[in-house]
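Listed next as structure tokens is one chain, alone, in the form predicted alone.
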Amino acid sequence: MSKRKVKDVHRPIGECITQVQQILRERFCHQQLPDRPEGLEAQYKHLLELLRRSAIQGESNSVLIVGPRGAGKTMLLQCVLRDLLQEKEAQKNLLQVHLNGLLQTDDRIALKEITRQLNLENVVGDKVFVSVQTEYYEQILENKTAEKSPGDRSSSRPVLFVLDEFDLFAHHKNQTLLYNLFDVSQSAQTPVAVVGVTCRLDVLELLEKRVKSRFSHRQIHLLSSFGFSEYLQTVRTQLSLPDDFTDRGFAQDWNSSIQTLCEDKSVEEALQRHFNSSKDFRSLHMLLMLCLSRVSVSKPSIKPADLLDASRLCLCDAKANMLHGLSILELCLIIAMKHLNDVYEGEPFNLQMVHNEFKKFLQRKSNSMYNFEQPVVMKAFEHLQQLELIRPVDGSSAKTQREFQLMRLMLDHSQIMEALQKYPQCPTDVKQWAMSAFG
């Protein structure tokens, strides 16, 4: 009786809102691994069996996990490792090395990271690796894994290499890291499992012949196969409060308001747009976090207008928004670049061409626009390059004078026109120039 009274007690609205914020923020930011990955049972079983053979039986393996961003590649691997390490033998034997193609940008950095994660700095010492060779990898792995007999494979501890953004490692010079890892995995010295995680379907085409011949060609494909109804149910689940919430009355009101929110037609349309653009749950959590930030004591529930505003923030074009803060001169230079793109069908341009195009406009509309000097125009051009609205053409010579260096515009017609419509106090002549066919 007393327990029920405690559960049914009504807490102040401020305390309830604080608790809601805490529970949902933890849910969105610190995602907990599911007991079993939903819809990925076959892939889970395949990967677990593969890594179990490496961890317990000392079998060398290599596999690629391929799928679009947000499909659950990392989550699948983490679930498999969590369940695998619950087995005592695997927990005792398995060594792990996690590398990321965005961080380990060349083989020297990767080798240092491998030695750091295997706690082998003292063994390797201050030796400088002028060229990364297979013998060094074998030496590192043997120093760490051999326990009793150096040539006895059964006495070596297996090493798991996880290569996130695997396709970026293929761009390393001569693909030395990949070659050595796959080569060591085929040697009889140390059991090694190499798991690559990538979102590129054509990743095997990036590998050199010698690397490809040492890879096992095992691939685990993950596809975002769930539909919009499952996506909508996920939104409802993510926003709902648990049954053990302190104030049960508040929790029931909150959950019923979430149910009503998900049934709203405008909300469904907004979520459909998100679903069509990306099925990534990280982008969904960002959307829901923006909705949650609008909840307060005066507004203790999420309204359809909150989700629509959050949706507009998430889907807004960052580059188009950046154009709103440019000066009139910088905007005119972008319009000149747009006309050059139209005339020369997307060919690269340089500052001199852009300035000449701008001068033509000034000659026609000299009354409404100020004639800027060359250094001022160059400064505005450099600012556009710093904002990455334009970029140098690949392979353009660094010795070329700045005004003749070839550039490309990183904006399309719709982005420029949208920015012009929203630009505060934009001169009419500039708008007309932008809308004219070829300036």
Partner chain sequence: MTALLQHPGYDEEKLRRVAEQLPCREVQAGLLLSLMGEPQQYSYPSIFIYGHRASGKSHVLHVLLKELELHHATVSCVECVSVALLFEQVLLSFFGCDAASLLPRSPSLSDFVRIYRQQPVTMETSSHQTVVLNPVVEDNVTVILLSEIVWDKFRPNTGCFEPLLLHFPDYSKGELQQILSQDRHPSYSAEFYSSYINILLGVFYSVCRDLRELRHLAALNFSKFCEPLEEGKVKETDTHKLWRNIEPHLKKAMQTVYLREVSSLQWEQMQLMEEKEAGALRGLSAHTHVELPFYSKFLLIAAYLASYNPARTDKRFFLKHHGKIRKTNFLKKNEKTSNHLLGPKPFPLDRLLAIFYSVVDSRVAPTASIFSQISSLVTLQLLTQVSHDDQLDAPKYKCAVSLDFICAISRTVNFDIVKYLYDFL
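Numbering follows the first chain given and starts at 1. The structure presented is a predicted model; accordingly, all values stated were derived computationally and were not measured.
Another form exists, predicted in complex with its partner chain; not displayed. Remarks below refer to it.
Can residue 172 be called a contact residue for its partner chain in the predicted complex at 4.5 Å between heavy atoms?
-> Because no heavy atom of residue 172 falls inside 4.5 Å of its partner chain in the predicted complex, the answer is no.
4.5 Å heavy atom contact, residue 228 to its partner chain in the predicted complex | Residue 228 lies outside the contact set for its partner chain.
Is residue 303 close to its partner chain in the predicted complex, meaning a heavy atom pair under 4.5 Å apart or at it?
-> Because no heavy atom of residue 303 falls inside 4.5 Å of its partner chain in the predicted complex, the answer is no.
Determine whether any heavy atom of residue 109 comes within 4.5 Å of a heavy atom of its partner chain in the predicted complex, and answer yes or no.
-> Contact with its partner chain, yes.
One residue of 261, 77, 162, 326 in contact with its partner chain, assessed in the predicted complex (non-hydrogen atom, 4.5 angstroms) | Checked against the cut-off, the match is 326.
Taking its partner chain in the predicted complex as the reference, which of 238, 246, 255, 350 has a non-hydrogen atom within 4.5 Å?
-> Selected residue: 350.
Does each of 82, 250 and 308 have at least one heavy atom within 4.5 Å of its partner chain in the predicted complex?
-> Not a single listed residue reaches its partner chain in the predicted complex, so no.
Which residues, if any, of 402-422 lie within 4.5 Å of its partner chain in the predicted complex when only heavy atoms count?
-> Heavy-atom contacts to its partner chain in the predicted complex: 404, 410.
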